[in-house]
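There is one chain below, alone, in structure tokens, taken in the form predicted on its own.
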């Protein structure tokens, strides 16, 4: 996953796949997470020839090492040009903001080299990320008393995510505009996406369009289907005991 789960982008691997199939991959995902890189590398060795001959793309849902899987909950990839991109910051803030990509790039940049871990088990190690610390954006807007949480919205029109204010102020949480040494692509959630380093990828909202400061944490898209709200890598299995699907 890269930020979201759901139907897999047809452009990336073929026919879109429903969320129930993605949820069904969690058993293999746990094996990949618990087994670490050796298990993932072994899966990758077995799966590479299968993926090449697989017209459905289903094999690419299986956790493997070394590459991203591109997911979209809408079954398509939304698009915004760098010139047209806008990020709004509002809610319980003193100074509501509308930021262009140039505005974000004018703020003090931060670069991280961190793994990207999907809740379904696959992992991409040592990804280079560049962007603005979310805390910097929040300071620019001015969080009002009582603002205890953050809501993120995607310009796909469907996906949402959340963090507490304290989580959002961690130094390893970015509003990212570069990854892998280049601008964030449309496939990876660009021009701008969240990157929440210590949590599973579903917390890193792709195609970021809006950040709202709110009074309490609101369940995001996948949390409404049973995923843990606090998706810490290694401290959460992604799915909570309250899962209903």
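This is a predicted model, so every value here is computed, not measured. Positions refer to the first chain, counted from 1.
Omitted here: the form predicted in complex with a small molecule. The next part is about that form.
Undergrad: State yes or no: in the predicted complex, is some non-hydrogen atom of residue 154 no more than 4.5 angstroms from a non-hydrogen atom of the small molecule?
TA: Answer yes; at least one heavy atom of residue 154 falls within 4.5 Å of the small molecule in the predicted complex.
Undergrad: Does any heavy atom of residue 205 come within 4.5 Å of a heavy atom of the small molecule in the predicted complex?
TA: Although the small molecule is absent here, residue 205 would touch it in the predicted complex, with heavy atoms inside 4.5 Å.
Undergrad: Hey, in the predicted complex, does residue 188 get a heavy atom within 4.5 angstroms of the small molecule?
TA: Output for residue 188 is yes: heavy atoms within 4.5 Å of the small molecule.
Undergrad: Given that the small molecule is not shown alongside this chain, does residue 179 nevertheless sit within 4.5 Å of it in the predicted complex, heavy atom to heavy atom?
TA: Result yes; residue 179 sits at the interface with the small molecule in the predicted complex.
Undergrad: Only one of 87, 73, 137, 127 has a non-hydrogen atom within 4.5 angstroms of the small molecule in the predicted complex; which is it?
TA: By the 4.5 Å heavy-atom cutoff, the listed residue in contact is 73.
Undergrad: Would you point out which of 91-99, 154-162, 140-148, 168-176 contains residues with a non-hydrogen atom within 4.5 Å of the small molecule in the predicted complex?
TA: Of the options given, it is 154-162.
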